[in-house]
Every structure is written in structure tokens, then in C-alpha cells.
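To begin, one chain is listed below as C-alpha cells, in the form predicted alone.
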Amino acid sequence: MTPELISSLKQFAPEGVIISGLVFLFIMDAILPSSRESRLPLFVVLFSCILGALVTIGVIPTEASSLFSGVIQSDGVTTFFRLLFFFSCAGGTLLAYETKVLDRDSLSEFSLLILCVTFGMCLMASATNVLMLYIGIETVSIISFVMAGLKRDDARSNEASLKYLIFGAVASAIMIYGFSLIYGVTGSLNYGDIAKALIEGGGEPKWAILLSMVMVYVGLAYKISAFPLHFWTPDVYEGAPTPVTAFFSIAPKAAGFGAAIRFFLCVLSTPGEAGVWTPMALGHGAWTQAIAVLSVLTMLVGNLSAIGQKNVKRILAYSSVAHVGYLLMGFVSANAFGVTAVLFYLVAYCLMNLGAFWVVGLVADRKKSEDLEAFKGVGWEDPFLGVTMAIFLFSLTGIPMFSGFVGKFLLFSNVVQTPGFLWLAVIGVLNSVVSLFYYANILKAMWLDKPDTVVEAPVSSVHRIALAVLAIPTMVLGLYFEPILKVTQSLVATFR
């Protein structure tokens, strides 16, 4: 092996851990058929995630480096997303540990699938070649279709899987055609070479460049549930098993943002001094202006659609669409602080959204329903669930002293400092106010409404510890966020 290949394999070690976990699960499934109905595969996933995180911390790069002849890149942003993916994978696996919505014989399949998706997400976030990006997206998407339909005897789960498949197939076809146009115009698949060709060619022909970028956005918007490719989200979130929904609401979205950061800043911008990129002009303006409009539309659609919902999973689904709108605000400045704000918000969002879906899963196991009616009086039946859910929802709203507030403050302040985008920050604040209405409906049901029937179903210590692990940082980061902010800034500093 060449020294370059050896170096690439060393920096690719975290993904190698996930691949090893997958191989072990396949072997175990073949030689120990009884493990299919046990929780042993879940422990393999947890061990793989923990070991992968430790290896990631051990190979944090001090500067950006290309791996495997430039198809992927290792830098601080890659490290950030690896850790986020491993944490999300471990969280979804723990939620599935004692869930009642998945049969015992489905746990082995769930374990294999969630590790496959995690590997695909790592490829998405580190890809610097459009072919590698497409491979990563398809790895995540195809496996996700199966995960959404894990409840085989449930009509809603089957419907969710089918809708996800249809949307995914259409988005994938459009995106791959966009990639073909990019290759036809630039003659390259690598991000750096594409950017160089666009600069030297003056962005001509403009119609082909514009059309290809719209098509690429369609593929990425589908992954992150951005307008107008968000329609699949509420139905898939409602129909999929809650552990799968909790995982979907965080990890694939984060992977989509990781891919978007690299694509838009590496392909459609020219790097400058002090972590500032100059967006290329597309059509009559820079692409950042189009992102700003799409951010507003995504926020509005998500928040306004959530108001009339009666199913809590659908409420949180539309809420996740709105949060994608907030995250898109970080792109309009095209600078390192905007990327830092996006990464910090993803940390806060991972904690509070995973926690909210965790509580929904526990209530659904107890009441056999995910409707608002099932949440009546839960705060009095189990104060721990009521208090933790309040923490997560207050943070999702952006109320001060919670991590969600700090994340939104960073995004909004970044937009305010960008000339010509003050209006975007104002719309973002107004949307946060609107979101308080539907979050308050959940808390009202939990604390102010009396339950129709009282169900005695104590929450296990595993779930209580997990919720505490999610709730405490959600509060602490709202008051003492500087260490995490400095870490994200140092990771972004290696991004080129």
C-alpha cells in the first residue's frame, strides 16, 4: 500500500469502526440465529458508536487533508459531524432498547440498518466529490426507506415507507441529473475542480449552471426537509416507529447540512481571508439571497402547519421543518461564524429534539397513542416526564436560559451582522413566537388537563438516566455555552 493510502485509512478509522460493527452483526446473525430475538445487536451498535467516537477524538485533524485521491476530506467539520452521528445513533438505539413499538425479532434488523445509515451519513458530511456525495445520500436514503417500514403489520408504517420511497426516488433522480449537468459544464466531479472551472468559465452557460444548482438543492432539501421538499416529513415521522423517527429527526438532517456546507461553500464560493467566502453570482444575484428566501418559506410552512395538528409526532415533524428554516439562516453570511452558528445549533437541536421524541415514545408506550389526548395529565402522573418535556419544548421555542435560545441568538446575530438581511432575523424571531403556541399546547395537555384514564406504567431507570443526560446539557448550554462554542470555532477553523 502507498503511504497516501495508509494515511487515508488511518484518518478513515472512525468509519472503519462502523464497518467492523456491521460485519460483526452480519456474522453474529449467521452463526447465532437466537441473537435476532435478543437485545445483543443493540449493544453491538452502542459499542461501535462509543468506540467510533473515541477513535474520532483520537484522530482530530489540525488541518484539512484530502483522503482517497480527493473524494472525501478530513477536517474539523468532518470530526464534528462524526461525533454528532455517533451520538444520534446511540440515542436512537437506546430508545429502541425497551420500546414496545418494535418486536424483538426486529431489533437485529434495526441494529444493522441504523449502522448502515450512520456510515452513509459520514460519507455525506465528508464528501468532496459529487459521485461520493451521491453514494452517501443513496446509502442513507435506501436504508431509511426500510427503517420507516419496520412495523410490517402497521398500515401507517407501510404508508410512511412507501411515501418516503417515492419522494426519495424523485429527489434522487433530479439530483443526479443536476450532477450530470455540472459534469457536462465543468468536466469534473471534484468540488475544487468544479469551482475552478466555474470561475474560469465565468459561470457560462448560465442556464445550465442555474438549472443544475436547483436540481442539487432538490436532493439536499429532501434530506433536510426544507421547502418545498418537506411534504414527506409529517407522514413518515408519524408512521415510523418512534426510535426511528427520533433518529430521522436529527441525524440525516445533520448529514444534509454537512453536505450543504461543503457543496455551497466549496463549489459556489471563493475562499477569502479570515474565514469569509465570496458567493458566486448565479443569475441576477448571489445564491445566498435564494437561501434566505427558502429559509423564510421553510420557517413559515413548518410553524403554520404545526398549529392545527393533533398528533404530537406530527407537531414535532412540522417543528423540525421550521428548525431547518432557522438553520438555513446560517448560510446567508457565507462566513466561518455562520458555519459555527449552524454547528452549535445542531448540537442544541440534537439534545432537545431527541429528548422530546424520547418522551413521546414513552407516553405512546404507556397510552398506546401519540395524540394530544394521550398527553393529558402526564405531568402529574409522572412529574419527571413532564419536567423534562417542558425543558425540551422551552429550548425548542428559544426561551432564554436554554440551549435553543443561544443557538437562535447566534444564528440571528449572524444574520443581523450581514448587510441587507436584517429582515430575515426579524422574520425568524416572529416565527419563534408563533412556535410557542403549539409547544404550549403540549405542555397544557401534560400539566393543565385531566387524564381520561390513569395508566400506571413506571419509566425504567435506563430511560430516566437518558432523559437526564439530554435535559441537563440543554439547560447548562443555555447558561454556559462558551466551551462548546470555542470547540466548534476551532473545528470550523480547519475547514477549507
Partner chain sequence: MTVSFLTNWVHYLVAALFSVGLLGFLIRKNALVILMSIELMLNAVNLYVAKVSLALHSGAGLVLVVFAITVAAAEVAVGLAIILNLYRAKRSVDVDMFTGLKG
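Nothing here was measured: the structure is a model prediction, and the numbers come from that model. Numbering follows the first chain given and starts at 1.
One more form of this protein, predicted together with its partner chain, exists but is not displayed; see below.
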Note: exactly one of V71, A290, L300, L162 sits with a heavy atom within 4.5 Å of its partner chain in the predicted complex, namely L162
Of these, I399, A390, L198, I176, which has a heavy atom no more than 4.5 Å from its partner chain in the predicted complex? I176
Which of these stretches, 82 to 90, 177 to 185, 261 to 269, 117 to 125, has heavy atoms within 4.5 Å of its partner chain in the predicted complex? 177 to 185
Any non-hydrogen atom of P383 within 4.5 angstroms of its partner chain in the predicted complex: no
So in the predicted complex, does W207 come within 4.5 Å of its partner chain, heavy atom to heavy atom? yes
Is the gap between I142 and its partner chain in the predicted complex 4.5 Å or less for some heavy atom pair? yes
Taking its partner chain as it sits in the predicted complex, is G256 near enough to touch it, meaning that at least one heavy atom pair lies within 4.5 angstroms? no
Between 234 to 263 and its partner chain in the predicted complex, list the residues on our side with a heavy atom within 4.5 Å. D235, E238, G239
